[in-house]
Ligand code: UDP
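As a starting point, one isolated chain is supplied in structure tokens, in the form predicted alone.
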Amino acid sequence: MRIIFVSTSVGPLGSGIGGGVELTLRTLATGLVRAGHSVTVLAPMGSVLASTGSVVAPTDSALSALDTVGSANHMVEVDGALHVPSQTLGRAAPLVVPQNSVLENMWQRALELARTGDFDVVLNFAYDVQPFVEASECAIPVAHLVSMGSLSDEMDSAVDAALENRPGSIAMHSRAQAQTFGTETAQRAIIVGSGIAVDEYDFSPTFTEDVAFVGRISREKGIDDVFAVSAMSGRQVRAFGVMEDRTVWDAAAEKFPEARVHYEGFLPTNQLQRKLGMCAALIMVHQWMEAFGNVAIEAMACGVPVITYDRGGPAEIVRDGVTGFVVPPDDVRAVVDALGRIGSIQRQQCRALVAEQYSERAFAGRVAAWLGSLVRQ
């Protein structure tokens, strides 16, 4: 297949602003190309497809190389104003389109490419209504990989409309994520999970007593509970991710002065996996519905067990008592107690689960089967 990716519109690929969708897109682009498909990525200006081994052409000159179908992965940077992340808005708030929107510009480019006859399907990663409601304008099928749970009334309506107009066009990462859109939508959505390039993560049989947190520094990621876990357990927590909201971090530090939480910054995969692998466990104490939780499989690929709240996708990934522990939501004491039992987890089991179910090849295979079914409709 010849596939057009429409990237997230909240930040350039490689910046970390887009969260897990950046890793998802990168993994899929590489996995699909290695399976013999061609991928052209439309992404905001300044994007990079880091450490994928892909051919990256950062300007419109990439279009001149589209005849190398099936052998390369192309990126076309598109200028325009970035969008406000949906998770920062209220449910009833309109999804405002900025002037000279990068999403509008990416979408118009996708429509232009679709009309050339050189492509088979568009895969949209943007959590915004335009590609959903305007998919019928496209000359080829448009598929949507929804990156978050239900956060917006406007998006919910757009998802439902897309399913009505083209059944099978919506995929999600987990059943818990799909269920947030309602039972009917959950029954109609395709569940594809996620994946990573397992070979980019070194298995670490030895480790320190430190605990890891990986994610945007924001309220919905549970920063307050991260500090609480450190304070109650006496362990140092190493926090990796984009500093999205410094006020949340500062407030948690003031509330728990005895906590030892060290901010490590946002790191590229090769650096992250080395530091992550030296930790005894990853904690996922999110306050919102995580669609999947790529950081869980990143940690387990390094052999690091995961302790997660029983909320959203991570609870579907972690095998309780085998690759980590699933504890009641918002129960910090349960997280601390699980840390005390973390030595019972065999780190090799964590790596084996990811290699079997969440490899780049397995993920790309699931998505290719889904896209292929749309193309054949």
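Being a predicted model, the structure only gives us computed values, none of them experimental. Note that residue numbering begins at 1 and tracks the sequence as displayed.
There is also a form predicted in complex with the ligand; it is not shown, and the following applies to it.
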Between the ligand and Val214, Gly265 and Gly293, in the predicted bound form, does every residue show a non-hydrogen atom at 4.5 Å or closer? yes
Quick check on this chain: which one of Leu272, Ala259, Ala281, Leu82 has a heavy atom within 4.5 Å of the ligand in the predicted bound form? Leu272
May I ask you to choose, among Pro141, Gly149, Gly193, Gly241, the residue with a heavy atom within 4.5 Å of the ligand in the predicted bound form? Gly241
Among 104-112, 155-163, 283-291, 117-125, mark the stretch whose residues have heavy atoms within 4.5 Å of the ligand in the predicted bound form. 283-291
I'd like to check something about Lys221: if you look in the predicted bound form, is any of its heavy atoms closer than or equal to 4.5 Å to a heavy atom of the ligand? yes
How about Leu23 - does it come within 4.5 Å of the ligand in the predicted bound form, if we only consider non-hydrogen atoms? yes
